[in-house]
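We begin with a single chain expressed as C-alpha cells, specifically the form predicted on its own.
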Amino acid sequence: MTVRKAIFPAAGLGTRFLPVTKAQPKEMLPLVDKPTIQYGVEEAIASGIEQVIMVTGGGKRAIVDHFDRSVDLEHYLRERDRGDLLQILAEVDRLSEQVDITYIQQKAPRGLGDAVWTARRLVEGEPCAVLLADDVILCENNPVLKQLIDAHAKTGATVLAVRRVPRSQVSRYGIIATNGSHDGLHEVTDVVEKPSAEDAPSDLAALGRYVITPAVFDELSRGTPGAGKEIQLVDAIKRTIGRHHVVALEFEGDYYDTGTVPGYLRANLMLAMKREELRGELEPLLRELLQNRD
C-alpha cells in the first residue's frame, strides 16, 4: 500500500532544554529562522505524504498556531507595506494547503511507542511514516522519507533510516544487527538499544525516520514497557523481526541532531553558515572567537 500518512510525535517535555521549554514546545525552537518541526513537515510534503498526524501534549498550542493563519499579523504587515514578510507567512500557510494536518493528544508521557500508538485510529491499518522532529535531515534532490517510502514499496517491509557512526558513539543510539546487504539496504535481524562499543553488533545507528507496517501497531497494542519504563517504538519493531520483514536503509542527506543543547547549537551554526547573507557576518566573528578563546 502507498504510504500516505506521517506521524509526528511531539508530546515530549523537552527537559534537556529547560527553562526555555517550560512554556515553549521544544519542536518550535528555531533553526536559524524556522522551527525544527517545520523542516520535518516540509520533508513529508516533498515525499508525497497526504496527511500529517501531530501527536501533542499539554502546552503545545504554539505548534497549532504556527501552521494556522494569523490574520491579525497579516493585517498588521499589510498596513505597513511589508510584502517581504507577508511572503514568508504565505510560505508557511501553503504547507497546510499541501497536506492535511491533524492533531491528537497523548494523555501521558509514556514513551515514543505510546505516542505512535495514540495515532492508530487515524492511520486506519495502513503502513505509515514516523518522523522525529529532533532529527533534521536535509537532502535537496531526494528527501530521506521518500527514500524510505521507495524502499518500503520495493520490499513491503518496515524500514528504518540508518547511518554509520563512530564506535565511540554507538552507546547513544539503537544499533542494528544485519544479515546481508545490497545497495545500502540491510536485512535487520536485531536492534540493540544503546549498546557499549564492545557489544554493538555494527556501527549502523537508527535515526529518526521510519516507515512502519501494521504489524508494528499490533506489537504496540500489547503496551509492553521497555527502557525507562516507557513503551518504545524500537522494541515493538524488534518483536516483529522473524515474523515480518524489517530492513534498514543507509540514507543520503545532511543529518542534524537537535535533541541536545550541543547538537542544537551545532545545527544552528552549520545551517547559518550555509546561507550567504549570514556567512559574511558569522565567519569573521567565529575567527575572532577562536583566536581569543583563552
Ligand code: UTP
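Just so it is clear, the structure is predicted and the values come from calculations on it, not from any experiment. In case it trips you up, residue 1 is the first one in the sequence shown, and so on.
What follows is about the form predicted together with uridine 5'-triphosphate (UTP), which we do not show.
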item: Exercise: A115 in contact with uridine 5'-triphosphate (UTP) in the predicted bound form, heavy atom 4.5 Å; value: yes
item: K238, heavy atom within 4.5 angstroms of uridine 5'-triphosphate (UTP) in the predicted bound form; value: no
item: 4.5 Å heavy atom contact, R120 and uridine 5'-triphosphate (UTP) in the predicted bound form; value: no
item: Touches uridine 5'-triphosphate (UTP) in the predicted bound form: P109 (any heavy atom, 4.5 Å); value: yes
item: Heavy atom within 4.5 Å of uridine 5'-triphosphate (UTP) in the predicted bound form - residue from L204, A157, L132, V191; value: L132
item: Contact segment among 41-49, 22-30, 64-72, 242-250, judged by heavy atoms lying within 4.5 Å of uridine 5'-triphosphate (UTP) in the predicted bound form; value: 22-30
item: Residues from 9-25 in contact with uridine 5'-triphosphate (UTP) (non-hydrogen atom within 4.5 Å) in the predicted bound form; value: P9, A10, A11, G12, L13, G14, T15, R16
